[in-house]
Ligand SMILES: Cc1cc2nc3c(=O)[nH]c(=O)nc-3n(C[C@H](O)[C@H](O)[C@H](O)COP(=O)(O)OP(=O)(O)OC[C@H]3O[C@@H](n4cnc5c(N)ncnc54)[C@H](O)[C@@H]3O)c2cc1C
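Read the single chain below, which is given as structure tokens and is the form predicted alone.
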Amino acid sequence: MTQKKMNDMSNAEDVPRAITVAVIGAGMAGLIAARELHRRGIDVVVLESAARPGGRMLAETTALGSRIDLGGQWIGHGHHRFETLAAELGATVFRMHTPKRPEIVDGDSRIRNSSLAIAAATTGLLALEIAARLGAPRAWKTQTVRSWLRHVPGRRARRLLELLVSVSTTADLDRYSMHAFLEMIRYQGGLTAMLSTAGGAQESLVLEGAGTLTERLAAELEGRVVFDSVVTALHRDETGVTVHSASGTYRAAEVIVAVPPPMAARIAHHPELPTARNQLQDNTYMGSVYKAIAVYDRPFWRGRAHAELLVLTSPGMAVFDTSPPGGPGHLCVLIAGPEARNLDGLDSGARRAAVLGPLSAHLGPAVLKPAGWHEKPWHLDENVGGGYTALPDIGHDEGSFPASSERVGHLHWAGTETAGEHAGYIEGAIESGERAAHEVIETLSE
């Protein structure tokens, strides 16, 4: 190849592709925003750093042909946008098989509801609920949840509360403030809404997999989603934004950033972002969570016991029966915070033994021999950074729900953290994508 042809190719590659809107991130929020813009006839491109759509949602097919979610999956009570989207995309929603309350187990023992440990933990939860309604004292901004737990009487009561907070938030409890936790309780409408299955945040599931919905949304966009396209820099001026990415350079009239704040912090900005936006990105972190699904020919445990458990032994975990109607059997396990990271050094077989071993005394030895095993440590995903959401670091207000979505020139912000309702859930991601799209549409019509 001649030097002239090489120079001509280099110059061509430097010419930005002109588009109307660039969406950064092909998670649920970004895809919903892009779909709305595309339906309005607006030229839109979605730039996704990973090789797949979905962000914090991910569905897989099991060896038995069923679909499971290794990422976000639950439709909570009142999540009407999620229900509507599932219906639009031809998916089937079913109620999760759940008891009135989960069993709490410690080793081979089941803890009775009448025990002193349950009474102490219940008192602690009631105290949190009251404090959240009254408003968190400012002094609690620097008091960690871990330090508060030391005042709860009884090892088992403390461990139960530690597990509930950890699994519901995925926070490191020694860098998560009581102020932030109480603000989350208040925002979500109370601990009952956060922790309950029936009537709460974990009420229903999508038969085909919630992650399948993001795959179908991406397909609707007909090639407008560009994968393996990490965005490295955004140059703003009065007329638009120049987007630098692994797939090339784009010139957009408007840009929607639809990734969580700690991940958005990786993007260089020229000129610098306002101080408040930088503080949001710098003073938040992604939670740590490991999720596993064990698959069985049938939910055999239903003849013996419910499989909704809170396991206090290490690793502490929450276990759910997410089996679809008619089978096969799906056991869903969530392990959060440092205990999730403690599994990182094990191989898959050792992790499976660590997770399923403590369940055999309660569900039977058959639990040790699944027909399929699926797992995902979200904190090791370089494109997502963790889950379920971005969390405020100790001593900081930034990151409490809803996170700011105030536009910066031609930059707009989406993501479940910014939702006015149900932030931290798929429902919130859908809401934020719709809001950002309408904001852009209004801006373009000015």
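From 1 onward, residues are counted along the sequence shown. It should be emphasised that the depicted structure is a prediction, and the values quoted were computed from it without experimental measurement.
If you look for the form predicted in complex with this ligand, you will not find it shown, but the lines that follow are about it.
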This ligand: the contacting residue among Ile42, Leu411, Leu70, Ile394 in the predicted bound form [heavy atom, 4.5 Å]: Leu70
Position in contact with this ligand when the complex is considered in the predicted bound form, options Phe320, Trp74, Tyr176, Tyr250, heavy atoms within 4.5 Å: Trp74
Residues Gly124, Val165 and Val311 all lining this ligand in the predicted bound form, heavy atom within 4.5 Å: no
Distance check, Ser66 to this ligand in the predicted bound form, heavy atom within 4.5 Å: no
Contact of Gly399 with this ligand in the predicted bound form (heavy atom, 4.5 Å): no
Ser49, heavy atom within 4.5 angstroms of this ligand in the predicted bound form: yes
This ligand contact in the predicted bound form: Val367, any heavy atom under 4.5 Å: no
One stretch from 342 to 350, 136 to 144, 229 to 237, 92 to 100 that, in the predicted bound form, holds residues within 4.5 Å of this ligand by heavy atom: 229 to 237
Contact set, 275 to 303 vs this ligand in the predicted bound form - heavy atom within 4.5 angstroms: Val289, Lys291
